[in-house]
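The chain below stands alone, shown as structure tokens; this is the form predicted alone.
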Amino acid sequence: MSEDWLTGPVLEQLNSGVLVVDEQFQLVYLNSFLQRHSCVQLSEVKGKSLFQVFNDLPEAWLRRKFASVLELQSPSFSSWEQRQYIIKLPHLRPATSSSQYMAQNCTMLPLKDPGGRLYVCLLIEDATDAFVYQQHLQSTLQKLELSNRIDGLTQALNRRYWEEQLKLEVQRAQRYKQPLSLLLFDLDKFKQLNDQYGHLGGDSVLIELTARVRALLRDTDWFGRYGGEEFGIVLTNTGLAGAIEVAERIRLAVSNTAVTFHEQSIPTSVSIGAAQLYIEGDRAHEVLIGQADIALYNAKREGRNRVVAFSEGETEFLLRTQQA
């Protein structure tokens, strides 16, 4: 059979791929674009099975698509967002894309030659520019979302996002009757440390502090920067005894090893207040913060570098103070 009806200057100069197979999925035609990008010459593969020539095709999926086009005599379309590519073709943007293959929009069209024989034409449009743009957009949005949640210096959660998670965890703990505890802690004598070693020294200590603390926490805990040198940890499904145990591990991890800054050893310690969720109501998270804050104050008043738990007996006083 002559394929003159398929050839011509338009198809050969088209900056898109054109591939034609017959009803047995044997290759009838490849235009110059596909021959150039796939390093496959039509003269060498004409009449061979498409799936032998391109043996890494999604064969089962493509057979169903082609069979549907032939049976219904209706076009079908697959975008790069549905399936990034059908034929692995290199693209010209290796420095700006995470994929080495061309992203493709593919249209499958039914064809009929002058003798009435049926074919499927696969049109392949290079969509790598759209793919790369989408990648960059998603990366930018992810960074923006991260910056809205993360403290820039310490990489702990920022206060706004951390408090949102505390509120949600309080609601979840109340709903499912699970224990929940909160730790508030800060660096002892941080102003004195800043005065002695400068703000860069203080920043170095905060960064090292958060790294040590994060290593002691579970993935389900929420660790955030509550203030300048003050931090909070929401301990999910944890009672007060467990919270005190975690707090003591944190205290020892911070106080046992000095922070090195410009070849100077900076001794550090933290005071930690612990509280467990006991009350119900919309303001329960605020009360819990207040309880942990009182415990932290008591830890500092009692000499620093220690863990103090909030006593249930102080709850009534705290509520009266907040309502005043």
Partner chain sequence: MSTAFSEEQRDCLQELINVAMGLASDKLARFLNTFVHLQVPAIELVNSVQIPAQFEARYSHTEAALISQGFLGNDGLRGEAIVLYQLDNAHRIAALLGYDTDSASELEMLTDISSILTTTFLNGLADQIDNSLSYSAPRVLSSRQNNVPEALQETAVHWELALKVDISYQLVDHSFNCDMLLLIPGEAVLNIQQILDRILEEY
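By rigid core we mean the largest C-alpha set that fits within 1.5 Å across both forms. Positions refer to the first chain, counted from 1. Note that the structure is a prediction, hence the values are computed from the model and not measured.
The same protein has a further form, the form predicted together with its partner chain, not shown here; the description that follows concerns it.
Trainee: Which one of these stretches, 240 to 248, 193 to 201, 216 to 224, 82 to 90, sits within 4.5 Å of its partner chain in the predicted bound form when only heavy atoms are counted?
Mentor: Single hit among the candidates: 82 to 90.
Trainee: Even though its partner chain is not shown here, does Tyr161 get within 4.5 Å of it in the predicted bound form, heavy atoms only?
Mentor: It does not: once its partner chain is placed as it appears in the predicted bound form, Tyr161 has no heavy atom within 4.5 Å of it.
Trainee: Flag Tyr297 as yes or no: does it have a non-hydrogen atom within 4.5 angstroms of any non-hydrogen atom of its partner chain in the predicted bound form?
Mentor: Taking the distances in the predicted bound form, the answer for Tyr297 is no, it never comes within 4.5 Å of its partner chain.
Trainee: Please check if Gln73 has a heavy atom lying within 4.5 Å of any heavy atom of its partner chain in the predicted bound form.
Mentor: Gln73: contacts its partner chain in the predicted bound form.
Trainee: If we define contact as a non-hydrogen atom of the residue within 4.5 angstroms of the partner, is Arg64 a contact of its partner chain in the predicted bound form?
Mentor: Yes, Arg64 sits close enough to its partner chain in the predicted bound form that at least one of its heavy atoms falls within 4.5 Å.
Trainee: Just one of Ser32, Ser68, Thr257, Ser49 has a heavy atom within 4.5 Å of its partner chain in the predicted bound form. Which one?
Mentor: Going through each option in turn, the one that passes is Ser68.
Trainee: Does superposing the core leave Trp61 with a CA shift of 2 Å or more between this form and the one not shown?
Mentor: Yes, Trp61 moves 2 Å or more.
Trainee: Is the C-alpha displacement of Ser78 equal to or greater than 2 Å between this form and the one not shown once the rigid core has been superposed?
Mentor: Yes.
Trainee: On a rigid core superposition, would Leu193 pass a 2 Å threshold for CA movement between this form and the one not shown?
Mentor: For Leu193, whose C-alpha is compared between this form and the one not shown after core superposition, the shift is less than 2 Å.
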